[in-house]
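Considered here are two forms of the same protein chain, supplied as structure tokens in two stand-alone entries, structure 1 and structure 2.
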Structure 1
């Protein structure tokens, strides 16, 4: 291969902008590293993040490249269906606000297992909660890594393997040296870049339609038929839509890397403010993505989007090139890359805190904390998770990313959410009920996904699936609640009831 051929696939503007982003964030990591010595600094930036900053960081954690490029692509190809997805991803946030943000802030320290275990027996609850957390995190991480590899190959012309190793190495550096402080600032910068870039793209797109989104939708409908403004292929099986809807709504409230962020703010009031800010920005972002998708449908054309491959994932970038030229496309590509890095860093940090805080301190060391060794274990865990995520990224190359995200949400909703909610609101909740419901939620999600069409038919090549739906949530969430409630009614734990009363003041008054 000659030099010219080799450089033809590489987008130098994107790479320059991406290097700038990595340079700046590495600078922040260096600054944060000097301030990160204790466990509380490593896990929660010492609780010194403001509500507004944390809201932006939450939005940053949640707005993944998969949702930016994936939903824009889905809208470009299928129209309205993309909006149904976006709404599902948003409606979990108000529930976090109403049900768990304040209890989490007032009762916990570093992980959501702190809250569940606070009035129950530490060891069994921690073990189960760690399994629930780590399974959720690993599936989410695989989805992001596999998505990243394919995306970077498309964006920069780098090889899949090189991309995965690059992403793994940079995100490990953020977390390893800068802990929560660096991770938070990476999220904030990325959230601002993503929201800013998407806003500019929407303005440039709407300029072609007299700044009236309705004209854009009507043009799309005139060009491709009214079907683009209506629910379509996504809901070919109505129960699938319901099951996915459940997983998305309740799963958000069980994602460990999101729950962990409530410990970075000083009090319940700031925790509320952060959810409000996050909900505002995430909703705004999904409206932008919807317009970007329709922009790509009309200005780029469905055929071109479809031919660009990767299930429409390139729609946003094609539109960026169309309305803003090569330099703007480079900017958006760099933002997408930054988005991937920030999301995997947040996931890795929450995985590391689960391993060091829940497993090492509370299970292995029986709850006797030792500052220095806990931070050391957290750093080893980060390094291991970095290596594991690179290996999994390589192993799962070419797998369907969407189903793994759906699975991560389903496990989060079935394993983590019921135990967390019931331990906060129900005095008679017991250790056995919590652990069994977490185990049931995790295992049933996994079992039902294996016998669903996605694995049973598509991968194992059996003729018909034993479970007809693609997402297990409609079975696994009610089952997990049922197990939790039945077991709690059948067992009695006086000590847990006493502790429930004791910690009530802390829970409601924040004192």
Structure 2
């Protein structure tokens, strides 16, 4: 592409709004950097975030490129079936509120491995938990980077690889200098922009249908047939549907970057409040994405969405241009890009804390903390993750981002959730059971993803897949639980049982 060709495709309004957002958030990062000196400040903003603020930040962290670009694209191309992602992403939140939030805040410090290892042997548990966490984070990063690459390629006139490098550089700066405080405020601002932008888009879309969603759905049915309002077009195999649903429902409770946010609030009450606030905002947002998807289907057209490439990821942007013109599309493009930057920053911070806190301090240094060196290792880890995320974004170009996040959820649900849940509720849970469960969940989910149609056929170009389902959760989650339960029944750890009784008071009362 020549410079003249590139400049012809540049959307200057989008670039201006994007630069404005980056400028504001870089100012926040500069402010946060002056307040970020200790490990607690770097990882958890010193625990000084309120429940409402953390709820907004949780929503900002969770409403990713998959939620906005991916789901809208799936609904636009496949109709009703795209809703399985919205529902799946949402229903994990009550599980977190009632089972995870309070124990996590009361027992942990910086990472979810703090909870799993609180009454077990530190080193083997933290090694296994780090592998599970980092695998989940890397798969999640793929989706965000692919979404960012497609977005800038289509709107800013830059090559895909250039846009991937740009995203990697900006998000690395957020985390490297501002830590959790900067990341939190970037996520809050992004959540408000995304909710506001999506609301305006839905209002403009429904204005064409007398503000009646039923009229929109009837028009979609008239244009594309009744099948767009019925399940089975995207996920035709019922086992695949069940597997995907399990991954999305249980995976939320195993996402390291989401679990980490519960350490930023001062107590368990604020942790529960933050989940309640986040659930409300996220539920509202997924209703909007469903209408946006059908709006793109009817007002833009499935053929145009398909021709835009990137597996439908540009549907929301095409609809924004249709209903609001170039200026509104520029605003939505900047919001979508802000969405990706905020989520990638949260993922990177979570990965950096896993490497520095779990691996460096508790495995390498055998639990002897040294604040200056721990923060330094976290910053080196941030740089490394930035480079890795860029490479992964280049490798997985063209995949639907919601689908890629579904795979990340599958790994989180298989590797992290069983050990986290059983360590909190089961007295007889042992170190060996925890480590083998995490290893089994991680390796099985990865193995089945590799030999599934997603990689075996689409990327490696074999004719048929060795594992027929696109999502492995229906096999890997029960396998992880089964390994955990069988090993715990076959092994006994008296010290872990004694510590379980001792930690009850802390678990329920925060004492």
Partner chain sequence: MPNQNDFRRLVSLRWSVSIAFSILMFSAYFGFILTVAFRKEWLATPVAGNIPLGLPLGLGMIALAWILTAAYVRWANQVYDKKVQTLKNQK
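Whichever C-alpha set is largest while still superposing within 1.5 Å between the two forms counts as the rigid core. Numbering follows the first chain given and starts at 1. The shown structure was predicted, so the numbers you read here are calculated from the model rather than taken from an experiment.
**Message:** Just verifying the output here: the form predicted together with its partner chain should be either structure 1 or structure 2. Which one is it?
**Reply:** Answer to the question: structure 1 is the form predicted together with its partner chain, whereas structure 2 comes from elsewhere.
**Prompt:** Core aligned, does the CA of residue 481 move at least 2 Å between the two structures?
**Reply:** Stays below the 2 Å threshold, so no.
**Prompt:** Can we say the CA of residue 30 moves by at least 2 Å between the two structures when the core is superposed?
**Reply:** It does not reach a 2 Å shift.
**Request:** With both forms fitted on the core, give yes or no for whether the Cα of residue 302 moves by 2 angstroms or more between the two structures.
**Result:** Residue 302: C-alpha displaced by 2 Å or more between the two structures.
**Item:** Cα shift between the two structures at residue 463, which is computed once both forms share a superposed rigid core (Å)
**Value:** Residue 463 C-alpha displacement between the two structures, core-aligned: 4.1 Å.
**Request:** Keeping the rigid core fixed, work out how far the Cα of residue 453 travels between the two structures, to one decimal in Å.
**Result:** So the C-alpha of this residue moves 2.4 Å.
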